[in-house]
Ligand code: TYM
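Only one chain is given next, in structure tokens, and it is the form predicted alone.
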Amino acid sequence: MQTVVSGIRPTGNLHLGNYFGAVKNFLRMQNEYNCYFFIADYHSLTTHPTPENLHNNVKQVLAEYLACGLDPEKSTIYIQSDVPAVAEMALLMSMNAYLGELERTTSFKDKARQQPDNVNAGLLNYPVLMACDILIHRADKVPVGKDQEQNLEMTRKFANRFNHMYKQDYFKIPQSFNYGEALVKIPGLDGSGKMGKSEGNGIFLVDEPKPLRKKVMSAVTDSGPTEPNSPVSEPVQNLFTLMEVVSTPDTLQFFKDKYASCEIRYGDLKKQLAEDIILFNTPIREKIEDIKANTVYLNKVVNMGREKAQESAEKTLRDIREIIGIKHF
């Protein structure tokens, strides 16, 4: 069975876009592949070196993914810092990563512009650590977004370089992976683009009903159709797209018909959408809270993931130490 590795940043809460995107992919992957999903607390330090409460952020994101259906019996779910072999491997691999290529990565240049007072060595070395997260489990596939494609290309470069330098066909060359266009792209509430944490246009799985209603009621629309069967504007289509994933088909069709006949009342549309999102979110939100409160279960999940991840990682580290020539007397 092929191996898939993917990281989860412990920053912010999951929103509907995450749920119908990355989470849905993960749930499918765990049934079809040997999956390693890790919470990337080391990576988060490159942009938040003194986080207010990193531990609670890790706990929150772990609870959210578990509540959404990630299964520790089907996949290996672990915390990056629980596997010391990753850090040692990153040290070894960094000896064969060159300053010029690291400085040229788009992610480094972007972050350096965004945080000019915190251009740290970890930020520069981010592609090496990411490569080790992947290579340490001999991954075949890595689900990546557009912003990480170059870093995955760097991973392939480092794997090929290691194989060539030590005349070994040791590392697999991991490929980017997704399920194509089958997943719905969830828009935000601001009338354009996709839902995101930093854009301020998200509906989060942990949102309580009252603030959630307020968010939806403030969603951008337009002045309404002027004649029957008018083209649907992007802001209104965004609301229909949200309704497509949380409402019943007949509810969606009802409002589409109202739009086509110029009888649409956006206030009614938003009220219905808000209630349907609340109905969708509530069981997940409640499960998140239950899991967060269940320290015994969380410890079990983390310990199980640590044990499985360490077994895989330490084998790879022993192998590459041997290949490089680092041996015990």
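Rigid core: the largest C-alpha set superposing within 1.5 Å between the two forms. We number the residues from 1 along the sequence you see. Keep in mind it's a predicted model, so treat the numbers as computed, not measured.
Although not depicted, the form predicted together with ligand TYM is the subject of the following passage.
A.B. asks: Here the chain is shown alone; which of S94, N151, S75, S247 has a heavy atom within 4.5 Å of ligand TYM in the predicted complex?
C.D. replies: Spelling it out, the residue with a heavy atom inside the cut-off is N151.
A.B. asks: Using a 4.5 angstroms cut-off on non-hydrogen atoms, would A85 count as touching ligand TYM in the predicted complex?
C.D. replies: Outside the cut-off, so no.
A.B. asks: Can you work out whether T316 and ligand TYM are in contact in the predicted complex, taking contact to mean some heavy atom pair no more than 4.5 Å apart?
C.D. replies: It does not: once ligand TYM is placed as it appears in the predicted complex, T316 has no heavy atom within 4.5 Å of it.
A.B. asks: Answer yes if any heavy atom of K185 is within 4.5 Å of a heavy atom of ligand TYM in the predicted complex; otherwise answer no.
C.D. replies: Residue-level check for K185: yes, a contact with ligand TYM.
A.B. asks: Does N18 make contact with ligand TYM in the predicted complex, using a 4.5 Å heavy atom cut-off?
C.D. replies: N18 belongs to the contact set for ligand TYM.
A.B. asks: Select, from the options 229-237, 166-174, 127-135, 209-217, the stretch whose residues sit within 4.5 angstroms of ligand TYM in the predicted complex by heavy atom distance.
C.D. replies: Within 4.5 Å of the partner lies stretch 127-135.
A.B. asks: Counting only heavy atoms, which residues in 1-27 are within 4.5 Å of ligand TYM in the predicted complex?
C.D. replies: Residues within 4.5 Å: V5, S6, G7, I8, R9, H15, G17, N18, G21, A22.
A.B. asks: Once you line up the core, how about V119: does its CA shift reach 2 Å between the shown form and the other one?
C.D. replies: No, its C-alpha moves less than 2 Å.
A.B. asks: Do you see a C-alpha shift of 2 Å or more at L242 between the shown form and the other one, with the core held fixed?
C.D. replies: Where the cores coincide, L242 still shows a C-alpha shift between the shown form and the other one that is 2 Å or more.
A.B. asks: Superposed on the rigid core, does the Cα of G305 end up 2 angstroms or more away between the shown form and the other one?
C.D. replies: No.
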